[in-house]
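Below you'll find only one chain, the form predicted on its own, shown as structure tokens.
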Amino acid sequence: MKVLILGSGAREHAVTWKYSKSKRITGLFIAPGNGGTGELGVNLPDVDPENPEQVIKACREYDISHVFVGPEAPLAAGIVDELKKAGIPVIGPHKAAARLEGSKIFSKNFMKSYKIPTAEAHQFSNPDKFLKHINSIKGTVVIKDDGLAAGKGVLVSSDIDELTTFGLDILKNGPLLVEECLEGYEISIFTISDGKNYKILPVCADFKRAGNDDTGPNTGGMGAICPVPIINSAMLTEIEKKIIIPTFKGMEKDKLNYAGILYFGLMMTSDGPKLLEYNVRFGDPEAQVLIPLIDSDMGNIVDAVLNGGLDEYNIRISNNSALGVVIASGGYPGEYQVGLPVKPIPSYPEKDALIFHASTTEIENNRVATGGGRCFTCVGIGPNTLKANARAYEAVKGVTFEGSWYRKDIGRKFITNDQ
């Protein structure tokens, strides 16, 4: 297999790392890639993942067997449709199915159509109607930008002025949702599908807020754990019955089936699991803790997905736990600098720790510089969450650049239940 992976983040570094372990890979290309992926394969920095002509040309030039699409933007733009027209196998949803992530309103209507438990919501495109509604409610609500917003198009607040400012800013460019605020704890469930059959992967939890103890503004994710110790088989059975099965039946009825990843963002409430959102790809930073726990060969998994044989393929999962800590640039999720040189990073045994790059660039003397807000994910691996936490934070000490920061409590709220 010769594989082209689209994207440049830590998720794509994790995917590239997993492919690099496959015995079936004869060529590994990443567009545009980053400083970490360049150590595992060939970066194609001049190929834009959202430009079908450039991607198809690269596939022809390098005799690519299939394409794995990492981020959401190319999916929402229809890159999969164009690749399929060109006869190139691809992991990811077509444009119509990508609306499950690309439009919060579309996905909410889908949930309602198939009676999937979710938060009550109202949609608005008119500022006056939005203001009337906001001023009539009491307590905490959630405002969501209808479109893609890199994890930052959400506000949870009870402050009318804050809600008003945030909502009106969104309405300048498109519609929004105002949802009830569900109480509980969030988990992430990823399924992999061949278009008909699906397999559920180990449960993750990510930490979206910038501050310790889940305070501060939303980010794209500041850390994650896998698996989630407090999720038992009975809970997972309930989630599958109420949410996952109705989703796949609804996708089949609406002809939204695709070969790839479908994410379920869930709130575990006192009334049972409720669906917050769909993503149509691996999450970031969840991918960085989930992928290292998959023991099966990536080439074999993809072969089963692309050939419709997933029902007969057993995906082997490690008994270990993984915990990831994101290291960000000073100022993130607000304004931040890029191009900051990173001190040489120590190497660690892969059985204990992995360091995934996000948007880094190579500079002189085999060093890298930062290229984004979230710059690295340090992943610790161990027999339980506590040990994985210790190894992750040990690895964090080895990644330093000017202004770098990270949350110091990733996984803490679950650790007491793990031991």
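Predicted model only: the values in this text are computed from it and were never measured. The numbering used is simple: start at 1 and walk along the sequence shown.
This next part talks about the form predicted in complex with a small molecule, which is not shown.
Remark: of stretches 92-100, 180-188, 161-169, 228-236, the one touching the small molecule in the model of the complex is 180-188 (heavy atom within 4.5 Å). Comment: the small molecule is not present in this chain, but in the model of the complex one of Leu256, Ala77, Ile134, Val142 has a heavy atom within 4.5 Å of it, namely Val142.
For the options Ala119, Leu340, Ile317, Ala73, the one in contact with the small molecule in the model of the complex, meaning a heavy atom within 4.5 Å, is Ala119. Residues Ile192, Ile200 and Leu290 are none of them found to lie within 4.5 Å of the small molecule in the model of the complex, as judged by heavy atom distances. Among residues of the shown chain, Ala86 is not one whose heavy atoms approach the small molecule to within 4.5 Å in the model of the complex. When contacts are judged by a 4.5 Å heavy atom cut-off, Lys208 counts as touching the small molecule in the model of the complex. Within this chain, Asn218 lines the site of the small molecule in the model of the complex, having a heavy atom no more than 4.5 Å away. Among residues of the shown chain, Glu277 is one whose heavy atoms approach the small molecule to within 4.5 Å in the model of the complex.
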